[in-house]
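Just one chain is shown here, as structure tokens, and it is the form predicted on its own.
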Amino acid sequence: MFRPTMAHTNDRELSSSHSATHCGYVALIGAPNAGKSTLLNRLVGETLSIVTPKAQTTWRRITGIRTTDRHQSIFLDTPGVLTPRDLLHRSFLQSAREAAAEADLLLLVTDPTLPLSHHERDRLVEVAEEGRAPRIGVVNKVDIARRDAVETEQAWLESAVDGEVHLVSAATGDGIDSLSQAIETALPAGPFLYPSDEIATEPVRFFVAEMVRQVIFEEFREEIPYSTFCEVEEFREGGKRTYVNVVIYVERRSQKGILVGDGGRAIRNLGTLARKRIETFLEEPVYLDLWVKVLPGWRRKSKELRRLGFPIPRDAEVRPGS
């Protein structure tokens, strides 16, 4: 299994021939549950973004890298574009806007099984227009969508991107080769920005915390998954087992009670499932220590969101103590 590191560098000599290589940032923009994370994983060839049946599981931008002989695509998986209801949602939107502004190429991803309203379509285009990068349209989930729904999405994307539209299934891999070729063709000329064997920029701690959060999405219902955030406080290698301490933040004491469960049953089950996943990822035995802490209203407080690593919109109102 890969061990991602913070390997980004501005050394423009990572590629020996500037004119012979192409490299660029490719932002994936779409509504929640459009399948952007599954698409990123398919394009890179590794599971980087967590995927669950629930919508809006991607909360922070994830970078995946695909390198071939002469092309390096640096994919930016972003939170789904949605109408924000709190400051955390505004942070999601800010993350998508920033990725669109930085990108050399945009993939506008839609899901024909969940048609968008005119307002939702307008918001996607608005985010895409944060940058001036060329766009490629991607109609995902064509393996399970009705043909007329696929045709509707294709027609809208042809007008929205003013360029190529690809019909794909990120789940099965249908259409991915053609899409990959189109991406490489659209990349600007330039040297590679990452070593050719890197496939992610986030540190191991990030992926470990995401695995715990993924299990929470799979095992808990209602508001619990959307009110929790996981952070690795300690990661200690050496000895017989790697020690990993993960803090799970919740908004209310009642949510802590649900996560812990009667007699601690729920937190033990969560720990067992997450530990097995982390051990597969690290390829070594792990001692997983989970702690649940109440951080009242953290989704609505800029101070807490900033500390947890979320981008804060510039126009966000900051109140004393927030």
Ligand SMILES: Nc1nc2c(ncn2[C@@H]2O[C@H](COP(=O)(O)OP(=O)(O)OP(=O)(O)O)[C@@H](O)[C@H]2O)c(=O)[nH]1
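All of these numbers come straight from a predicted model, not from anything done at the bench. Just count from 1 along the sequence shown to find any residue number.
One more form of this protein should be noted, the form predicted in complex with this ligand, which is absent from this view; the next part is about it.
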(message) I need to confirm a contact call. Of 170, 96, 107, 212, which residue comes within 4.5 Å of this ligand in the predicted bound form, counting heavy atoms only?
(response) 170
(request) Classify residue 31 as contacting or not contacting this ligand in the predicted bound form by the rule of any non-hydrogen atom within 4.5 angstroms, answering yes or no. (result) yes
(message) Taking any heavy atom pair closer than or equal to 4.5 Å as contact, tell me whether residue 47 reaches this ligand in the predicted bound form.
(response) no
(request) Considering only heavy atoms, tell me if residue 144 and this ligand come within 4.5 Å of each other in the predicted bound form. (result) yes
(message) Since only the chain is shown here, I'm wondering whether residue 257 would be in contact with this ligand in the predicted bound form (any heavy atom pair within 4.5 Å).
(response) no
(request) From the candidate stretches 34-42, 63-71, 290-298, 263-271, select the single one in contact with this ligand in the predicted bound form, where contact means a heavy atom within 4.5 Å. (result) 34-42
